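Just the one chain here, laid out as structure tokens, in the form predicted on its own.
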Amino acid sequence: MESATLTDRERTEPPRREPAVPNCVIGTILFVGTEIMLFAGLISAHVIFMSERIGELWPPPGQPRLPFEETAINTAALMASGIVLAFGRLAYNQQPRRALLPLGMALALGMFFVGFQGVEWVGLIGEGLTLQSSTYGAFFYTIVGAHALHAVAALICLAWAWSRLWRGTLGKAHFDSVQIFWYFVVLVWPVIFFQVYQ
């Protein structure tokens, strides 16, 4: 009698529908939204500080200039990784395993970007630019360092996605979530680059 009642109840319940936007994608969008506010605050503080220094020698005496040209090349590598990832998503739509190469290339370009940033930091520290050397150094390492942390986290996500794709277990929603996070890392960088490296 009880099992028959449960069956009747199950028949009257509407079929469960898939959400229009998967939960992991919504979560990633909310996370990225909060991180945009973080970077907006950091960059706004830098803009205000710089506006109060108009007419002053910049960078301060004894502090090295930031390597604009070299970092422009590194920026191009990061932008290319975002473009390659977009092609990876198109390939995934046709046949998931076809996205392995573009996803791997996006990961490699991202690793190049982070590695190059590390080399840049070692050089700048050697020239005397540190967090304690000046407000110039403090802003540089805080803003660019925050981006570097996000880039490393996003690279871990890309590596996880590549591994899941290799095993054939990467779902569309998870690919979308990783892609959103990486696009955030890619797209916030030009704003930082042109603001901090000027």
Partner chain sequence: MRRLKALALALAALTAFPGFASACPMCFDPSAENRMAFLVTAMVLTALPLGMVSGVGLWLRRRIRKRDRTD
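Positions refer to the first chain, counted from 1. Just so it is clear, the model here is predicted, and its values are computed rather than measured.
Beyond what is shown, the protein has a form predicted together with its partner chain; the following relates to that form.
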{"property": "Full three-residue contact with its partner chain in the predicted complex, heavy atom 4.5 Å, for Gly118, Val122 and Ile125", "result": "no"}
{"property": "Glu69, heavy atom within 4.5 angstroms of its partner chain in the predicted complex", "result": "no"}
{"property": "Its partner chain contact in the predicted complex: Gly33, any heavy atom under 4.5 Å", "result": "yes"}
{"property": "Contact of Ile29 with its partner chain in the predicted complex (heavy atom, 4.5 Å)", "result": "yes"}
{"property": "Pro19, heavy atom within 4.5 angstroms of its partner chain in the predicted complex", "result": "yes"}
{"property": "In the predicted complex, residues of 26-50 near its partner chain [heavy atom within 4.5 Å]", "result": "Ile29, Gly33, Ile36, Met37, Ala40, Gly41, Ser44, Val47, Ile48"}
